[in-house]
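In the structure tokens that follow, the same protein chain appears in two forms, which are kept apart as structure 1 and structure 2.
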Structure 1
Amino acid sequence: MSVLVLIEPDDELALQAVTLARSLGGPVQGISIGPADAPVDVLHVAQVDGSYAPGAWAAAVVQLVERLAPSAVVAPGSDRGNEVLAHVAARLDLPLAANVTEMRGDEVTRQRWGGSLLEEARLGEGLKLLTAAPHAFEAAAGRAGATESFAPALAEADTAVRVVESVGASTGGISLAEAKVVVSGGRGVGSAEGFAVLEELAGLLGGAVGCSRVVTSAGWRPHADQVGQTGTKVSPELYVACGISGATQHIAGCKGAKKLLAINGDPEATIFAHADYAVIGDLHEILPAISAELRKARAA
């Protein structure tokens, strides 16, 4: 039996989902809404007009499932991947395992708490529905196989909810999710004004400023700057955590960083257990000293 994968064009997470699908054995068939390129054996291109409509995407998946009778449907663990597969699960009245990191037979390992905890669970008999946890798999490489086109039959209700307008972001500075360096502050920064020393260092490094939830709840920074389980997930070369204690929900957002430098006054702070480099002391003394040292090194 084959495995069906939901492909979004130009989506790294979809290529990761292909890797999970390959691990299940059997041929891998893809479904995309409109043209896409992916290393699958057969790509079924659904002809669905217009902007994104989760119901229409789900209807297309369900109709292809009926035709191909795959053993599993895998989607990327993206907002849309999780959304479309939940629609499919509701339509077929089947369980759905979201953010799976591994599958063995009918058992899955999946992420809870934004990846701070894993759950081993059994999916019952029949068609398995799962999404691939982001960055738990290498992206699949290779050439695309055959392409087939199909036109799913859509009901009016399938397209009742759809994107009616897409608004561009205000282009201000380096985006948190893409930044090579993130200088992030927590309660220890003490105030909105206290972030000036983080801004200065981030500016010198061409990086972005992030923060913990305590900071956004206090209104010191906008939620767009929050790193963590309910904020942005970042994966810079270097994450500098300043005055952040290291709660699991914060770590969930920065564990993708290549290296973590923690600056904290408390030598026992949990953040040090997640850090590659540690500086113990007051961030308000240490950050200006680092910025000054950087300037000095550059002038030399």
Structure 2
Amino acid sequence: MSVLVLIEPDDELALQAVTLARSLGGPVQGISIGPADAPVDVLHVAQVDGSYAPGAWAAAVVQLVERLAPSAVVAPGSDRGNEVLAHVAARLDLPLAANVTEMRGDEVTRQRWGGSLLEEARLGEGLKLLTAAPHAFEAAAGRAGATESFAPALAEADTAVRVVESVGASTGGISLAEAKVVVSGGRGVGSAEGFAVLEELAGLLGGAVGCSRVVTSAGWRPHADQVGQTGTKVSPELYVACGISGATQHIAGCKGAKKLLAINGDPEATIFAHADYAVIGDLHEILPAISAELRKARAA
């Protein structure tokens, strides 16, 4: 039996979901809403007009499930992937295992509480519905073997909830989710103006600026900059956490980083337990010093 995976165009998490789908055995077929490409045996392109509508996307998935009878449906562990598969689970009256890190027959390991807890669970017989935990799998490479189009039958209720406008964040051309370096600030930065030293360092490193939830709550930075369980989940080569305490919700967003450098004036800060490198001190003195050394090295 085949495995069906939900594909979003230009989505790294969707390619990670393909890797989970491949691990389940059997041919891997994909479903995308509109044009896309992914390393699956067959990509089914659903012709759904308009912007993102979770009900319409779920209807397309359910109709393809009824036609293909796959053993499992896998989606990326993104906001949209989790939302669409939740709709699918409700329509099919089936359980959904979200944020899966491993699947062994009917047994599944998945992340709970923002990744601070791993749960071992067992899914019953029948169709398995899974989302892949972000950055728990390598992104699959390649292109679709074949492409087929189909037009799902949609009811008016399927498009009652839909995206009517998207406002892009101003990131200087560097996406927070794709940046190789993220310089992130928390309460310890002190103010919106205090982020100037973070922006300077991020600019020198070709990276992006992120922040913790408390910063967005204070209105210092937009929500688009938030890293964490309710923000963006990142996996840069280097994550620089400045004045961030290390709450579980924030660690859930940056745990995919290859290296974590923590800068904090509190030697007891929880963030140090997760850090590869630690600097105890005033970030407003340390960051300008790092930036000055970088400029000096480049001028030499």
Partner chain sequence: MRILVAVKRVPITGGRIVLTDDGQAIQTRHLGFTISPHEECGVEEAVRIVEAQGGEVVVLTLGPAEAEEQLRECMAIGADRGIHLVSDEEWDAQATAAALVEAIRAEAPFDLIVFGNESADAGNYQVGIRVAYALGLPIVTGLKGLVVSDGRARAEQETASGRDVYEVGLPAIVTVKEGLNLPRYPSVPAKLRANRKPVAAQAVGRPPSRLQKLRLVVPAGRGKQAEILGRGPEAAPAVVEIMRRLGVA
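Quantities reported herein were computed from a predicted structural model and do not represent experimental measurements. Residue numbering: sequential along structure 1, first residue numbered 1. The term rigid core refers to the most C-alpha atoms you can superpose between the two forms while keeping them within 1.5 Å.
Compare the two displayed forms of this chain and pick out the form predicted on its own. That would be structure 2, which is the form predicted on its own.
Superposing on the rigid core, do we see a C-alpha displacement of 2 Å or more at Ala208 between structure 1 and structure 2? Yes, shifts by 2 Å or more.
Would you say Asp41 moves its Cα by 2 Å or more between structure 1 and structure 2, aligning on the core? Superposed on the core, Asp41 moves its C-alpha less than 2 Å between structure 1 and structure 2.
Val182: after superposing the rigid core, is there a C-alpha shift of 2 Å or more between structure 1 and structure 2? The answer is yes; the displacement is at least 2 Å.
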